[in-house]
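This document starts with one chain, in the form predicted on its own, laid out as structure tokens.
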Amino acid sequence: MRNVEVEVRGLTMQFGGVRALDQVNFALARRELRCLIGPNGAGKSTFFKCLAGLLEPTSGEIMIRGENTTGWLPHRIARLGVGIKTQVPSVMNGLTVRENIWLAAKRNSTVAEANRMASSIAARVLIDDVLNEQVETLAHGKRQLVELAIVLAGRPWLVLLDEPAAGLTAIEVDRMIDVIRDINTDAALIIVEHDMHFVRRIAKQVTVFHQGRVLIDEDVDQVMSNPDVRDVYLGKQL
């Protein structure tokens, strides 16, 4: 693979007697969008957490732009230009949307730059209409986009997203897809997702996890028509 920017070698994660990840290899190219799918307990979320620094693997290596980040904490990984959005809310209630984005932007920018970024990023993720509203008053879908805006304020070249479509309405999913496609014009993304319809709409390459291993890593059409993948999902419509 050309321009490999994330490479994982032999990643293994043991929880007592349970091996959640078993010798996983993975590579991501520059500006690639990769979806990680698999049934509950397949290992995809554990893999994501190891990449994000939320778990330290038992063995194996994670290389991000040539740095061995295995066991690094999330804030240290973020300094490499990696934006991380987990399912745990990262917004600050009591502040406006603008203030939330501004605080994230101010970490690496001047006050004037942070002011400009708050407005431009809000427009980019389609929430400029609620810039001055308190975050806690927003519906779930808008809050998800605010969290994504906070991630983008760090100017990441790689974005890790954990189930961005969870709990969204059909209209909100359409909006999230537009935002993700826009992000992918200048950043790579790794997305953990359960919603197969969402995956079909955004993914080119899909990695399927099963029992802690990579079952298949192919383009989305091949994955969705693969009989082994269908068996793993117990006949679920893909």
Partner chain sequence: MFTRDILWPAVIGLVLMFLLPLVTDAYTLTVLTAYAMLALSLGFIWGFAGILCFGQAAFFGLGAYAFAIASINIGTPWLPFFIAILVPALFAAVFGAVLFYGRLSDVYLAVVTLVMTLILFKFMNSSAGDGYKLGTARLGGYNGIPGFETLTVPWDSSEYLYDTSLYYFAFLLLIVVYICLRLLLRQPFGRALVGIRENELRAELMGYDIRLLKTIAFSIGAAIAGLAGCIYANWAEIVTPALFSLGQSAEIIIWVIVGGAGTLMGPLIGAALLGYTKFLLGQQSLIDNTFILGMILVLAVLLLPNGIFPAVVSIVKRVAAKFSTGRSPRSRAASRRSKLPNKTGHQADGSNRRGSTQSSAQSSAQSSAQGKSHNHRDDDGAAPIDRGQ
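This structure is a prediction, so every number in the text was calculated from the model and none was measured. Only the largest set of C-alpha atoms that superpose within 1.5 Å between the two forms is called the rigid core. Residue numbers count along the first chain shown, from 1.
Note that the form predicted in complex with its partner chain isn't included here; everything after this is about it.
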{"property": "Non-hydrogen atom contact K85 with its partner chain in the predicted bound form at 4.5 angstroms", "result": "yes"}
{"property": "D162, heavy atom within 4.5 angstroms of its partner chain in the predicted bound form", "result": "no"}
{"property": "Heavy atom of R155 within 4.5 Å of its partner chain in the predicted bound form", "result": "no"}
{"property": "4.5 Å heavy atom contact, A123 and its partner chain in the predicted bound form", "result": "no"}
{"property": "Every residue of T207, R213 and V223 near its partner chain in the predicted bound form, heavy atom within 4.5 Å", "result": "no"}
{"property": "Contact assignment for its partner chain in the predicted bound form, among A166, L95, L138, L131, heavy atom within 4.5 Å", "result": "L95"}
{"property": "Partner contacts in the predicted bound form for 48-76 (non-hydrogen atom within 4.5 angstroms of its partner chain)", "result": "L54, L73, P74, H75"}
{"property": "Core-superposed C-alpha of P89 shifting 2 Å or more between the shown form and the other one", "result": "yes"}
